[in-house]
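One chain is shown next in structure tokens, namely the form predicted on its own.
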Amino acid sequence: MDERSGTGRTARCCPDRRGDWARLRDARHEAGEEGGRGEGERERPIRRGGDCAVLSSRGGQCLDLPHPADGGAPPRSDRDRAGRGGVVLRQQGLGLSHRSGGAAHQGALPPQGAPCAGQPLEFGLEPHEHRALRDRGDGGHRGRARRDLPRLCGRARAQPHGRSHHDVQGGLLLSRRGPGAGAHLGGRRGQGHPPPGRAAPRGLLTGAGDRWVSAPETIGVGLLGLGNVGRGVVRILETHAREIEQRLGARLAIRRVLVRDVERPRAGVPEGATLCDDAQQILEDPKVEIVVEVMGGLMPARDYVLAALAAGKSVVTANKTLLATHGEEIFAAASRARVDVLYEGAVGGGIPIIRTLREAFASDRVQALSGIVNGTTNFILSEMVGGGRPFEAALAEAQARGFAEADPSSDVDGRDAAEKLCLLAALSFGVRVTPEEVYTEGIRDIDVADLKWAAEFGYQVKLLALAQRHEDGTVALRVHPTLIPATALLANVTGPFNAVLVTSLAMGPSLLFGQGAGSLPTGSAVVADLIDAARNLRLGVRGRVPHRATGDAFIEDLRPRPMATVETANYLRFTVRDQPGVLGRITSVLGAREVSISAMVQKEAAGGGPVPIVVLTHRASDAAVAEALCEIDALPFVAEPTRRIRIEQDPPLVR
């Protein structure tokens, strides 16, 4: 009988049918099975539309019984029933297949297009399938009430993408095989035939009480580098293993780790991983399906990444230098191999700016972005403002606290921010640009006096990466110290934190803020990419999102707008000797270049030394200001070269 319980249907086990059991016993003896059954063995009758087989618990052997057309007894009701220790299922017109001693024996196949069409079923040497169904017959336990078998709907329906095509009848999960069928229930590679154009799904379905859940598989990962970021990746994978498994439906296991010296004792080695000093051991290992590159630098990282892509492995990297320099080659190789290259950790540490621009803004048009994308320089400037320390002392503090490298040139000279801006520009505007084409200034020449003057005028100084789309279709890309209003959102980003302000037509301004440096923030972004790559791998949808938001065929070669044509307001600090006519000469030179003054302050010099004159200008072309300063610095009363810092009053919009 059928009962409805909750949202599912159940089939209740029924008493034995002695006539069926007699026929099963006779068929067994006629088959000449020797030795009988051992203690604890039970016959498991399986009926399929009148075809019946005995599945013994020993060796998974199957014996065919007569079809009703050949004189066998037909089923007594619409539902076949189960006897003691067995499961009786109904499947009209479907032959049987079984294994005995490792060989498969197949019954008659159903006609093409038959109801509940499927390929021959397999029984016997599939222990995980049989464990998936808890035996809920009375099983010989007298006096104990029988429990219901969960019945899942067996109607023909479209299968979800990435799942195995299974037939479930009477509570037993059956695996179908053959062309067009889903992958094997166990999810082992090389078994089953996925539908055309779709990769074989991954995973194993098992029973958990009355629920059917996907038992986690293990996806192998190869780690190139075990430095600061590499140890952060390992720590996050180990600490958040349970959450990752629940969200992904699979386990991520680091199989091998590339290091320089395998003999040197080191901390942070992942459990169960093998250290190696030869990258080929990772690239050629079939158990490594995703490669994580956190070694940094250009070479040999470029060669390793390209080799991994050629081997059909997805790549996760936090190497902005590699992508800014060789990104075109790497993305093209990934597209040919139809695998993923994910690089969230390359920009902004733990801030999800890459994923946001690739996916969240897919329906919008980014007009401009401005960001603090280097935590080292932001920490240094914060120390100079808060503690009044000169640049050298603030840099030493950043190095002591792990926010700056031993060689900080890439950070303090702006190169690091320029490389990140190239990646952001490709995602925002669909353009191809190199760091050498980005106008770049660092913070080495910033003096504490400039920070104090800026605060007096109501500004803060930040090293900004700026990208702006102009009305004529050109894009201006620049990295330089910038005065921004103290009330602006970016002005309140201090220490090693990063923030990116994106301005788009539909959304307006959007701010992403978070830690931009450190092993755990960057490691968190890398692991998030790793989960994304593993999910795409399991579902067979690698390359689902274009690597740079825009398809490779639509990426444009762009020469950024010349800096000379960019218009900004300016902070100018002149250091001059105190003598008559100085101020008049300065203003006349600026006026001749059409540079208008908006504010000016002159304070009396202490002890008769040089006098500072601070001028704020209205917006003017960069070329005009540069020409004026060149002329002024050549005047005889100028004691030091003029200090110039550009000003951004508002988030850059279309002008």
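Start at 1 with the first residue shown and count on from there. This one's a predicted model, so the numbers in the text were calculated from it and none came from an experiment.
The form predicted in complex with a small molecule exists for this protein as well; it is not shown, and the discussion that follows is about that form.
Remark: residue 266 counts among the residues lining the small molecule in the predicted complex, judged by a heavy atom distance of 4.5 Å or less. The small molecule is not drawn, but in the predicted complex it has a heavy atom within 4.5 Å of residue 229. The small molecule in the predicted complex comes within 4.5 Å of no heavy atom belonging to residue 249. Although the partner is absent here, residue 469 is not a contact residue: none of its heavy atoms lies within 4.5 angstroms of the small molecule in the predicted complex. Comparing 488 to 496, 292 to 300, 306 to 314, 504 to 512 against the small molecule in the predicted complex, the single stretch with non-hydrogen atoms within 4.5 angstroms of it is 292 to 300. Only one of 481, 518, 546, 435 comes within 4.5 Å of the small molecule in the predicted complex through a heavy atom, and that residue is 518. Shown without its partner, this chain lists 384, 330, 259, 324 as candidates; in the predicted complex, only 259 has a non-hydrogen atom within 4.5 angstroms of the small molecule.
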